[in-house]
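Below you'll find only one chain, the form predicted alone, shown as structure tokens.
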């Protein structure tokens, strides 16, 4: 399997990524010192900056204005950052990428307010693209993400259903990837067919990205991911590796208890995690992620060769090859 480093696909937009980070930091200028410190803490934690990289690569490939693309990139990464702040608080996560989360340092009230501030500044940046369709799509994406979180919280526990799973990961992750690619095409003043191809590209790599995240929830270790291995199952959320196992082992008594709240039993969940890891389910889930990437690459095939297209191809491969 070809293993790709981050540098491969970031190289064409490295200078712009620095501008994106500067634009994000500037959102807390002249604000409360603790708020500036909190935003700096969130940004200094790093991250792969995959979402703004998609915006910049797609927009550059389509001849978009660099300044507007930087603004849009900062908007989507601020939106992503805000969702992480709230997610970590909801999940009680104390580490992200090996760094203490904001809620590990601050009270819940201060953490929520900081997330709200970051959401607000993300919306302001989206408005600065001066594109009403971009603003509309941005707002709709935020609504999809929040509705997905509420649906997951109230009506997805213990459900072993592929349609439910696909809906959850679209809301959680793929919707924002879709927005990155689609809105980058929108502000590049291209035609509807091209916008649709980019929307499909973003959707497919977003679905693959979350599937791989769900695989890593089984295959990584607690020290790396900052939460217990199999934490999704512990929360009653059945992801693709578990779905493959459930479909091939319907007579496993631990499987039968999931719908009845069996995920609340840590010993049962530990047995299931071990069983999933020992089965063929991880390989099958990776195969599904690879199929989504193949569809994303098919969407890119319509565009002429160039540095940006090649970088997007490498990014798509990175999504399935990555480890935390």
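Residue numbers count along the first chain shown, from 1. Being a predicted model, the structure only gives us computed values, none of them experimental.
In what follows, reference is made to the form predicted together with a further copy of the same chain, a form of this protein that is not presented.
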* Which of these residues, 199, 86, 96, 168, gets a heavy atom within 4.5 Å of a further copy of the same chain in the predicted bound form? -> 86
* Contact label in the predicted bound form: residue 283 to a further copy of the same chain, heavy atom within 4.5 Å -> no
* Is there a heavy atom of residue 246 lying 4.5 Å or less from a heavy atom of a further copy of the same chain in the predicted bound form? -> no
* **a further copy of the same chain contact in the predicted bound form: residue 270, any heavy atom under 4.5 Å** => no
* To do: Would you please decide whether residue 219 lies within 4.5 angstroms of a further copy of the same chain in the predicted bound form, comparing each non-hydrogen atom pair?
  => no
* Structure fact -> Here the chain appears without its partner; judged in the predicted bound form, the stretch of 232-240, 209-217, 135-143, 190-198 with heavy atoms within 4.5 Å of a further copy of the same chain is 135-143
* Counting only heavy atoms and a 4.5 Å cut-off, does a further copy of the same chain in the predicted bound form sit next to every one of 160, 176 and 299? -> no
* **Stretch 22-36 - residues with a heavy atom within 4.5 Å of a further copy of the same chain in the predicted bound form** => 31, 32, 34, 35
